[in-house]
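To begin, one chain is listed below as structure tokens, in the form predicted on its own.
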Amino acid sequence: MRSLSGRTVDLLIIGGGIIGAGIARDAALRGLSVALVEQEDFASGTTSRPTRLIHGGLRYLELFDFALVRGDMREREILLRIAPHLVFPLPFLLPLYRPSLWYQAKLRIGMQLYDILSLDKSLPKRRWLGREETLAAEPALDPEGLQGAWRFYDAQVPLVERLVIENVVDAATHGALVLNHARANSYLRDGDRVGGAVVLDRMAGVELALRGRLTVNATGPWLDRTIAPLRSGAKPLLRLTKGIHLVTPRATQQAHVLFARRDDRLFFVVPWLDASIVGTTDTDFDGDPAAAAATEEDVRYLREEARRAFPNAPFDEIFFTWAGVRALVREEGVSEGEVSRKHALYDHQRRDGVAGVLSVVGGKITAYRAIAEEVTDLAARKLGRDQRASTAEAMLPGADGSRARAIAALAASDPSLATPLCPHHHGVAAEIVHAVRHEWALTIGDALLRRTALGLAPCQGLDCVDAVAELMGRLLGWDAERRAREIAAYCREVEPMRRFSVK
């Protein structure tokens, strides 16, 4: 529904990444009236550019951040339970090469703590593999100096975009009004109180006055920009760091935690769909998060470090890259990698004397549901409501297979929709139709990159973009000129990801 003007909701949420979508779902399930607006598309920002892991974070143990690890372990279990179609157990190997006795002892303690902090876990416990057993599990590993490896389990969310979309779908099913491609341009103010926002519906080309009893900023790395009118001259709340990933042909059989020789930073090589993800970097970033992209140095760093562990792996062949900007709670005097991944809630009434607005600072995908619950708890108290959260028990919509069945039924009703669109991917036309009709896909990028996996194939859907434009055009009323513009817009969207594409 794209006509929201004139309504007043309990909660207006600005930002449709994983945290904003999670807040919308939590609040809607509690019976609050909700509106969610996103300047581009749901999951189009930082959320779609991570290592796609649901994990506690071994490296946070080194920072003695036990509470963060424990909380993330608990959330990992919840997500494995409520989204078993999207979140899957993933075994990792952490290989050791001629380690010192101190390093061996430190890792052993770390592995023990990782298990202790996840006492309620459903995943197998850690296990030490000797040299031969490690090479049998992962023949691609460099055998020179290999002593063995720790095997432990975390989880993977291969299509994190779908996790966002299903949160939005569930919010809408429970009454939330949702609007993508809609930028909040300014706040509605009544003195020292925010009463909503003026939002530009970019598809319709009109401005809407959306009124909310409480407004929540969940704009991730854009937060300091979006709250600047409320905090004139104040110091930034965020420290921004950029992380990039390479997508290459399948390089390993297992997921691996590795340490870069250059700077001892932790990074991953992880099987993903039919490919591998190598990442991530962690460098300070200053600028528009939408402009973040991989550089030659970023790519060289990951290639060189990954090749040291897997000398014969195909890291010279890059399908595409992605770059995202982390929104971290600002800390001074520490390196990028040492900045805490903890989030914070910022109450503008208490800090800036501006009532009616809250901001979410920082946060991780793994913890999104818990962050959403914390935000909604505070919002409910401010609104005088006492409904309890249910998102730790309520399954996400696709968990029962109903959405897959709906696509299958659509394909069965029209044989032309059962045809694969791309020679490099099994995705069928019915997925695009379903995305447009039921999941707010309004551009080719929405459909290919964030509703289906077609845009995550090596060709990123460029081999079928004309067919997709024709199909979406019939559904959305695009003429030939509009189809050409939409194709050009999609090519511009994926161009930064393909700058280092080598086949």
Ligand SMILES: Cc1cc2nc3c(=O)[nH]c(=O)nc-3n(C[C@H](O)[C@H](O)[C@H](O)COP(=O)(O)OP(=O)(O)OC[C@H]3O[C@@H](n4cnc5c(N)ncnc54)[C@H](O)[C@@H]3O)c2cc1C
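Note that residue numbering follows the sequence shown and begins at 1. Just so it is clear, the model here is predicted, and its values are computed rather than measured.
Below: the form predicted in complex with the ligand, not depicted.
Notebook entry, point to check: in the predicted complex, does each residue in the set Gly17, Gly45 and Arg326 place a non-hydrogen atom within 4.5 angstroms of the ligand?
Noted result: Yes, all three are in contact.
Check: Which residue, Ala182, Ala379, Val428, Ala83, has a heavy atom that falls within 4.5 Å of the ligand in the predicted complex?
Finding: Contact with the ligand in the predicted complex is made by Ala182 alone.
Next item on the list: Just give me the single entry in Trp222, Phe152, Phe315, Phe267 that has a non-hydrogen atom within 4.5 angstroms of the ligand in the predicted complex.
Entry: When the ligand is considered in the predicted complex, the option within 4.5 Å is Trp222.
Next item on the list: Flag Pro95 as yes or no: does it have a non-hydrogen atom within 4.5 angstroms of any non-hydrogen atom of the ligand in the predicted complex?
Entry: Result no; Pro95 lies far from the ligand in the predicted complex.
Check: Ile444: heavy atom within 4.5 Å of the ligand in the predicted complex?
Finding: Although the ligand is absent here, Ile444 would stay clear of it in the predicted complex, with no heavy atoms inside 4.5 Å.
Next item on the list: Using a 4.5 Å heavy atom cut-off, state whether Val194 contacts the ligand in the predicted complex.
Entry: Contact check for Val194: no, nothing within 4.5 Å of the ligand in the predicted complex.
Margin query: So, Ser276 and the ligand: in the predicted complex, are they within 4.5 Å at any heavy atom pair?
Written below: Ser276: no contact with the ligand in the predicted complex.
Check: When the ligand is placed as it is in the predicted complex, which of 206-214, 140-148, 395-403, 242-250 ends up with heavy atoms within 4.5 Å of it?
Finding: Result of the contact check: 242-250.
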